[in-house]
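Next up: a single chain in structure tokens, the form predicted on its own.
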Amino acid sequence: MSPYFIDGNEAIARAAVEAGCTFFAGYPITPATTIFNHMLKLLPPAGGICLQGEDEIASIGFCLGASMAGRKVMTATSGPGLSLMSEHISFAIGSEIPIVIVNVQRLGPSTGSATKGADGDIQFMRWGNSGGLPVIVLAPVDAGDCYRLTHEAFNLAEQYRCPVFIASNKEIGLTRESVDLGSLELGEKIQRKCAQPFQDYLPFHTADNEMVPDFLPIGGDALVRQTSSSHGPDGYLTVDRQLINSSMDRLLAKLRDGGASLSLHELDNESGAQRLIITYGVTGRAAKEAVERLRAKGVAVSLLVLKTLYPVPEELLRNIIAWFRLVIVIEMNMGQYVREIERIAGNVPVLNYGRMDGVLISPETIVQVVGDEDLAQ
């Protein structure tokens, strides 16, 4: 396959179709709009549906309905639109409705600067729902990552029946580069596990040793109950404390115990290095360049680029951080993910460099931060 000259937004659209997405709904917002444009070109010829809602609330609502009918679905927005989607995101978590949500982040807060990038929504994606139950957040570094991680996001949404966020960024979404899509390794496509339609169906019942209920589509031959309120395995509303506790524990555990499938990362480890840079998103590109320059100057340093931000890959982080004497977290915000690193690092000191002014963090800045002689003491 010849390389494509594409940006991150087009890579996401192409990956969604490749992953089996047959329904997209969205509302135009910079810098996510071109995902809509590409889905409009790609989906209908492939037999899918692409809709514009009257706003972001309607758009994600269309997606949840289509997902409950059995389709693989995706929507795309940016920070202000994500704010409007919050209640439906909570619905998707509590009612276990698979959906991929692309957040092409721009400089906030509020409407901020539509044409400036940032990674200011990291905590927002994790905690922007009522109840505080976990979601999955994947962070691409470039257009190739957008393709690979979007494909993975559909698999995770189907496997765990939950919302999966793509934490993109204006700089990733709108920067064109050559990508050989055929050379990227993709996992086998996963479909949500379905129940037998001729049996009495309990929509939120899980078999022994399983954490995710089997699925049947609404509108089929079997009766399917769906609700946003507290419910038991049969889908009826309940105030039974034991049933509610059991449901909450399962929703928490099904992602907490996800293991390697929820620990995507790239580690460039230099033997003997005492400093570890941890970063994610578009800053990962600058960090790779900075590490090369530091090593050329004789500074031993290692680099960990996280691709799974949530659930926090705690075991992975704990094991890697233990090799080092100093961790430096670089992120394109005022210090959000560093809180997770500090929580896990134990006695290993953690420094943070963060900035959110619409300008990319450069390799020169990272070299200056990491190469500070005071850090070597």
Partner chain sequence: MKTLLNDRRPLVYCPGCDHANVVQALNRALMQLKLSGNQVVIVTDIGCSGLFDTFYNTHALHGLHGRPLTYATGLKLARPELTVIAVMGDGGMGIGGAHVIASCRRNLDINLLVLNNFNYGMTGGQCSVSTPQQAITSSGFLNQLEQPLDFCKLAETAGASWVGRFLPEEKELAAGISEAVCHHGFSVLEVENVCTGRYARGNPRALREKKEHEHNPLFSGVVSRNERLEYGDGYRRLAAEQPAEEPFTEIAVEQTAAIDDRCEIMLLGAAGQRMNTAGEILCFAAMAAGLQVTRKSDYPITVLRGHSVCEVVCSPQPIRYTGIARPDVILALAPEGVERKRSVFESVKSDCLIIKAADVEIPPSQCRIIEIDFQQQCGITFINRGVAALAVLSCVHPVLNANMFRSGLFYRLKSRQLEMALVTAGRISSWFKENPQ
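Numbering follows the first chain given and starts at 1. Computed from a predicted structure; not experimentally measured.
Just so you know, the form predicted together with the partner chain exists too; it's not on screen, but the next bit is about it.
- In summary, among the residues Gly220, Gly187, Gly131, Pro109, the only one with a non-hydrogen atom within 4.5 Å of the partner chain in the predicted complex is Gly220.
- Comment: the partner chain is not present in this chain, but in the predicted complex one of Leu255, Val212, Ala195, Leu174 has a heavy atom within 4.5 Å of it, namely Leu174.
- Each of Lys288, Glu292 and Ile361 places at least one heavy atom within 4.5 Å of the partner chain in the predicted complex.
- Of the heavy atoms in Met68, some are within 4.5 Å of the partner chain in the predicted complex.
- Among heavy atoms of Lys170, some come within 4.5 Å of the partner chain in the predicted complex.
- A residue is said to contact a partner when one of its heavy atoms sits within 4.5 Å of a partner heavy atom; Tyr147 meets this definition for the partner chain in the predicted complex.
- With a 4.5 Å cutoff on heavy atoms, Ile29 does not count as touching the partner chain in the predicted complex; it lies far away.
- In short, of 320-328, 40-48, 340-348, 307-315 it is 40-48 that has heavy atoms within 4.5 Å of the partner chain in the predicted complex.
- Contacts with the partner chain in the predicted complex, taken as any heavy atom within 4.5 Å, map within 88-123 to His88, Phe91, Lys116.
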